[in-house]
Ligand SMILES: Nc1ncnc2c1ncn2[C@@H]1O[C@H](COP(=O)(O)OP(=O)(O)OP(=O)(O)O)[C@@H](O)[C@H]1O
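This document starts with one chain, in the form predicted alone, laid out as structure tokens.
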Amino acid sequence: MEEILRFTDVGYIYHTKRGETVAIKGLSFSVEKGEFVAIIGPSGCGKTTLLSLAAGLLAPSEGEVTRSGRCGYMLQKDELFPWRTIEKNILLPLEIKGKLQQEQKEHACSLAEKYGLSDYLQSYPSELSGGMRQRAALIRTLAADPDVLLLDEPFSALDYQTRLNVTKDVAHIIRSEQKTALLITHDISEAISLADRVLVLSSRPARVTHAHSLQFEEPDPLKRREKGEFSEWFELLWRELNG
């Protein structure tokens, strides 16, 4: 398969007035086109730094990050502008890039219609539920047609029930659009329910300690949770994360 993202012996050091902090050291992994890869690790181990490196927002202190396509970044909160309608929020990345032509606008609106937001395009974020806003945020990211989606704990601000439903929605949209995704999360169950592969990071400085391919026939996150092997994967990843 085609490789779309690779970290090769990557290190990153934060410099402050009090000295240096080694956030990442000797980090190597790759993501292939069409994969959904989840990364879990202890709190503060450098997961968000890893995504910033993947997006090109940070340059590695050592090693190399290579990517063969455009990245779209989805944040922990939807970050929709409250004074703009949902349609104008979705179109914002295209406006910023100067690519808001009729064809791109029609593509963005077709995504909204395809995934249940057509009736809310003229609504404002405050009029939508948290789950609907997060769906709008994903469509905003997809509107720019990225090759790989970088997901920074995008469900963490939602309550548990909404989180389960939005996880299902997001997984369906990403797989339907045949996008590559790299998710960072502290939630083991979330990683198992969504990913094709799960990578486990060490405490800071972060490096990959374990990598697993999940052989679920069922892509639906909620149905995965009902499978017997779900609990087996949870126990294994829990031990690796806390060992």
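Remember, predicted model here, so these are calculated numbers, not experimental data. Residue numbers run from 1 along the displayed sequence.
As for the form predicted in complex with this ligand, it is not shown, yet the points below apply to it.
- Proximity of Gly34 to this ligand in the predicted bound form falls outside the 4.5 Å heavy atom cutoff.
- Among heavy atoms of Arg204, some come within 4.5 Å of this ligand in the predicted bound form.
- This ligand in the predicted bound form comes within 4.5 Å of no heavy atom belonging to Gly26.
- Not displayed here, this ligand is approached by Thr48 to within 4.5 Å at the level of heavy atoms in the predicted bound form.
- This chain is displayed alone, yet in the predicted bound form one of Arg175, Arg67, His210, His186 has a heavy atom within 4.5 Å of this ligand; that residue is His186.
- This chain lacks the partner; the member of Asp145, Asp169, Glu153, Glu87 within 4.5 angstroms of this ligand in the predicted bound form by a non-hydrogen atom is Glu153.
- The stretch in contact with this ligand in the predicted bound form, judged by heavy atoms within 4.5 Å, is 40-48, chosen from 188-196, 211-219, 175-183, 40-48.
- Interface residues of 108-122, taken as those with a heavy atom within 4.5 Å of this ligand in the predicted bound form (partner not displayed), are absent.
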